[in-house]
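To begin, one chain is listed below as structure tokens, in the form predicted on its own.
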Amino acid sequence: MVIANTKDVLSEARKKLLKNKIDTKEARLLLARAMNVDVGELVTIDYCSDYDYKVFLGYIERRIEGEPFAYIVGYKEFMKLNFEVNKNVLIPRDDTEVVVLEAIKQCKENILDMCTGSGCIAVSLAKYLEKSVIDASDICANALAVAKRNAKRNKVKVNFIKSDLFENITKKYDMIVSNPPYIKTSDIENLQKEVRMEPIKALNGGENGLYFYDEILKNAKKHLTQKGIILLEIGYDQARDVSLLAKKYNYKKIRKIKDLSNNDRVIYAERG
């Protein structure tokens, strides 16, 4: 049954989003998703069905309740690739592209992506470093299932390992990359509502936010080749603390890499 002109439907939705301080541009994208058409096709469609209208209103209500846009549409672009996302994985952030670009620049043969989540880092590296062997690990089976689908979606080969950090890691790598949980436990409740809808286990970095950095740096040397390097994504205010941890465990040539906002985003260190 035809229910309404698409222009009227979009106008109604934009008002709701605006009232809740949400980007009104999302309305067109969500309507396209509800109608299962490309967003560019909407200009050629005058009406939507009763079913599509109800689905669309459901999407708008979910956004107003704070559910991330990427979870509703089911995907997120990262490194010019398309990644499935759901509530089992963190949504890839643009800032994480900094660690991927640095890893591509280093161009190592054997690479481990630890705490892989959606697989955005590992899959991107497999896509752009075609001659490298990429392994990816995570403690969460549900996250690994998403990551495996993303590897298949982007037509790359990644070896996935279910592991609590280095528990099931048996080989040595030329490079270990990781974007581990790094939010202080006490800060979790103050995060934006959208962020709190992402898996807390993938955000919680312990009392001081440094738990996983300490564990990774403490144990990584046993799994790095002689000239191996480690790349760690960090929070904007963690460069000093993570650098000190790297020094504590006798890593060499430690340096900071900034993101496009000029914030410290990655710590580079060599096994030495």
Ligand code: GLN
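From 1 onward, residues are counted along the sequence shown. Bear in mind the structure is a predicted one, so any value in this text is a computation, not a measurement.
There is another form of this protein, the form predicted in complex with the ligand, and it is not shown here; the text below is about that form.
Novice: Looking at the ligand in the predicted complex, is some heavy atom of each of I111, L129 and D174 within 4.5 Å of it?
Specialist: Result no, not one residue of the spot touches the ligand.
Novice: Within 4.5 Å of the ligand in the predicted complex, counting heavy atoms only, one of 147-155, 89-97, 102-110, 133-141 shows up; tell me which.
Specialist: Selected range: 89-97.
Novice: With the ligand left out of view, which of F160, Y71, F166, Y182 would have a heavy atom within 4.5 Å of it in the predicted complex?
Specialist: It is Y182 that has a heavy atom within 4.5 Å of the partner.
Novice: Please pick, from L203, A32, L210, V55, the one residue with any non-hydrogen atom lying within 4.5 angstroms of the ligand in the predicted complex.
Specialist: So the residue touching the ligand in the predicted complex, by this definition, is L203.
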